[in-house]
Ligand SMILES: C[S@@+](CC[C@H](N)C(=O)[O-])C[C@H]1O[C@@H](n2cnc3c(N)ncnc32)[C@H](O)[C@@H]1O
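Take a look at this single chain, the form predicted alone, given in structure tokens.
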């Protein structure tokens, strides 16, 4: 049994802030109650009638997006999606070890390939998608791009998910199967790490050998009869400028990524490349 409607003919504004229509594709979740109800994307979708709640112990016949999966969701899962839709596990990433995966899931358990979260809790963090983002990614990859965007219109930040990930989503949606996606993901991450290394080792040229360019030299008069008060004034001016520049440099450094952040990012990428 296929989906009731492709979604292309629906008024997308029907899903903004109201429980007017049922979502055109079957979606579900197992909710473990870890999240704040007011900030939980899954609970919001449930309130809007876009998703149904599953019991613990209940299996799902469609695509199950779960960290317990062995291979990524791909366009090859389209038929399974059409016969059952998609489901997710609504839980906290910090409590993932507490989930009884043996009592949930189904025959088609899938991982999500590399994507970046844009939700307010984990913005900018790779692989830390919430329920809405996970479902939207699954729909987009198997071929329901319009429905994926429709789902994310329920969130003020929803458009950002596609702003950040559309290139990757299109790459995954053009793949043949999970093996193809894994290959494309690996190549993307390798290219990204190579670009990262190049940026970190870029030779900025001789500009940095010229000292602090913000510190403008003060012209010294050729008149050797300058008074001591004039000399003191020049020294005070130089000292004031040097102090200001030092403070500005310190503020700039404080806003730059730390080596600890760099190491964390490199470790995350390498871990996924070895998987």
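Residue numbers count along the first chain shown, from 1. On a predicted model such as this, the values are computed, not experimentally measured, just so you know.
What follows is about the form predicted in complex with the named molecule, which we do not show.
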- Query: Taking the named molecule in the predicted complex as the reference, which of 74, 130, 154, 185 has a non-hydrogen atom within 4.5 Å?
  - Reply: 130
- 89, 108, 175, 142: which sits within 4.5 Å of the named molecule in the predicted complex by any heavy atom? 89
- Does the 4.5 Å heavy atom contact test between residue 49 and the named molecule in the predicted complex come out positive? no
- Answer yes if any heavy atom of residue 96 is within 4.5 Å of a heavy atom of the named molecule in the predicted complex; otherwise answer no. yes
- Message: Contact with the named molecule in the predicted complex for residue 56, defined as at least one heavy atom pair within 4.5 Å: yes or no?
- Response: no
- Message: Considering non-hydrogen atoms and a 4.5 Å limit, does the named molecule approach residue 169 in the predicted complex?
- Response: no
- Quick one: which of 175-183, 145-153, 109-117, 158-166 gets within 4.5 Å of the named molecule in the predicted complex, going by heavy atoms? 109-117
- Residue by residue through 67-81, tell me which have a non-hydrogen atom within 4.5 angstroms of the named molecule in the predicted complex. 67
